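Below you'll find only one chain, the form predicted on its own, shown as structure tokens.
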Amino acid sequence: MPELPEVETVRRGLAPVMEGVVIAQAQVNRPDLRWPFPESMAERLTGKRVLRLRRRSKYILADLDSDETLLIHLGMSGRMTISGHTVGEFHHPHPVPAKHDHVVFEMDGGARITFNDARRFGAMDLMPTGGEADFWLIRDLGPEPLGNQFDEAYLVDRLKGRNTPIKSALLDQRIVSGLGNIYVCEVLYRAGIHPARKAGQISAKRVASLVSLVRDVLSEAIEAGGSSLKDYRQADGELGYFQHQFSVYDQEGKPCPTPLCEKKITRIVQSGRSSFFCPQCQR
């Protein structure tokens, strides 16, 4: 599933062709994805101007001049790609419609944005602009890991006394939103913390250090365009490149990259997810 860096990369790719532009025509090709589309979604989007594209956790939010906001979730395999628009020196012509092109936005000026989702775990919904604090998908989310509310004092307080593994705690979207399996594995490697360590047993100093490491890893991943493992693509169709910088994620059996460490990266399963770590460097 695309995590925060991938979603932020897609948002940044869409912004030049969506922000300030009218959706000339919205086409919805099926009644649902992960859940049903909102009633009359195509009609409610057609003719509306996109005022701003934002991101909250793993959701893209498009504020419209109708005082509604379109929420977009990419799910497991969702892609939003742009055609009919020139990026730099390259023009991306409109492709032949594909089987899993479920939602299409024809923008004023000729650009087309296509939401393709083979597995249909993605979603779109509409909510009142400014009402996300009460929206069921967003209201219980923790602070953004790149925002000011996510600081050392906050994280130390939220993890104090917790008996859950640190890996699970950092994946809990109620504690911090947007983090996923890939980047938590990388953060814990840099912190030297074993993913199965109980969160409440880690010193406050080490917990506090996680804040800057989370920000560093996410910022580096965004700069690299995210991580392309299976389905993920940027909005212009290009791959992300952060997967070439993985230290531990999906590196089972490979030598630990820490100098002088002779151990190999190990994988364990926690709550149905693979955790990758060095058994010597992470305690």
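Note that residue numbering follows the sequence shown and begins at 1. What you are looking at is a predicted structure, and each value in this text was computed from that prediction instead of being measured.
One more form of this protein, predicted together with the DNA, exists but is not displayed; see below.
This chain is drawn without the DNA; in the predicted bound form, the residue among 210, 103, 182, 170 with a heavy atom within 4.5 Å of it is 182.
Considering the DNA in the predicted bound form, the lone stretch of 74 to 82, 146 to 154, 107 to 115, 187 to 195 in range is 74 to 82 [heavy atom distance within 4.5 Å]. In the predicted bound form, at least one heavy atom of residue 121 sits within 4.5 Å of a heavy atom of the DNA.
The closest non-hydrogen atom of residue 264 lies beyond 4.5 Å of the DNA in the predicted bound form. Not displayed here, the DNA is kept clear of residue 205 by more than 4.5 Å at the level of heavy atoms in the predicted bound form. Put simply, residue 201 is far from the DNA in the predicted bound form: not one heavy atom of it is within 4.5 Å.
Judged against the DNA in the predicted bound form with a 4.5 angstroms heavy atom cut-off, the residues 69, 142 and 215 are out of contact without exception. Along 16 to 45, a non-hydrogen atom within 4.5 Å of the DNA in the predicted bound form is carried by 34, 35, in order along the sequence.
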